[in-house]
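One chain follows as structure tokens, the form predicted alone.
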């Protein structure tokens, strides 16, 4: 039975109900109940109401999943050639595209994001599997010249069983960017999606099985971070952990991984600056500022949450940004309004708390700054798009990740001050530079401490460009060919001939 997107949206908005959603763990190629038989609710952020339930996995379920992945690592999967793995990943990409409407509908409903954004995420996930399908037989070792009496070379071997702790802000696309290169390298996967957004990871596992992935290669454990996530991170049968989330939890992951000497890749928080030089195109810059902070209601690790603007153009640029911000309409994600809700009631309280604290310190609020709701229903966890002007560098609104639709505006007089402000937080994930002077742009790109710098287009690039942070934003790189290396161990072979 096919999935009709328009009728499904209409039916859900009328009834608050949706059918045929996954609600069990995924293990050994099939849906299975949690040992405890306990379940948890998942909420629609656009209404603040429960719309489905899912299995509450715990330690014993994690044990089963890891044992399954260990067995699969040594079984049929170990005999797949790189080209066979590539063909399988291409099959997954095509199945994601074939099921795009259902995946997008579920992602928007579970996370709260706008349907168009969810569709972009699903398309990106398909592109991710396509990209790593092509990388399977191209990520190769090297020959080392030691002279006529020796042959020396390196082999790239799969690390083993990999754990993927997936965040709630980009459930499917973040899962894909870690799972696809892990499978390309020949690893097996145990994924633990966020308890707020468990559904599309389960759907992805089903599609991977349909594509021909052997049983046990990709298992999914749903549940809380405390019960399922912590058990997975500390499990001695895990060889690598990819974690995306907060700095505080990332520190805990590192601490637990250390006891088993487990590989760790961390993508943590950000407080990323967009630097607008005096000669920038004001309209282009304003459009990118709006996209950089208000996409997904600002719930993006790499959001452009700080605008660093040259003194001479502050008024002109902020006038444009303010006009565009005030024009954003709030609404349920499935309605494709200008901006959707934040993901949870807890996150709404956190965002509001940050802004109320800034107000108490005398920070000027140019617009927004209030909790809101869906104007059609009066429901949901919404926060108004908010601009905070001329925020000092050491203010908490600049130093702390708000993770919501809140932009902090700062001014600078020269390039030296711009670099000082850009590097003035504990984070170093991304940065943006807007200028017509490409020489100045490349100088800034060298001087700003960030994992990636975008010039004249925020969020530029794609799956082929390595992504990751410096400082408290984490370490290791996802995306690009470097990501395959994150899931490989290098073996050197030297032979005297």
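Residue numbers count along the first chain shown, from 1. Because the structure is predicted, anything quoted here is derived from the model rather than measured.
There is another form of this protein, the form predicted in complex with a small molecule, and it is not shown here; the text below is about that form.
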Which single stretch, out of 229 to 237, 202 to 210, 93 to 101, 308 to 316, brings residue heavy atoms within 4.5 Å of the small molecule in the predicted complex? 229 to 237
In the predicted complex, does each of 293, 302 and 407 have a heavy atom within 4.5 Å of the small molecule? no
Taking the small molecule in the predicted complex as the reference, which of 352, 336, 196, 400 has a non-hydrogen atom within 4.5 Å? 196
Selected contact from 161, 253, 330, 265, since only one has a non-hydrogen atom within 4.5 angstroms of the small molecule in the predicted complex: 253
Any chance residue 224 has a heavy atom within 4.5 Å of the small molecule in the predicted complex? yes
4.5 Å heavy atom contact, residue 245 to the small molecule in the predicted complex: yes
Determine whether any heavy atom of residue 165 comes within 4.5 Å of a heavy atom of the small molecule in the predicted complex, and answer yes or no. yes
Verify the contact flag for residue 192: yes if a non-hydrogen atom of it lies within 4.5 Å of a non-hydrogen atom of the small molecule in the predicted complex, no if not. yes
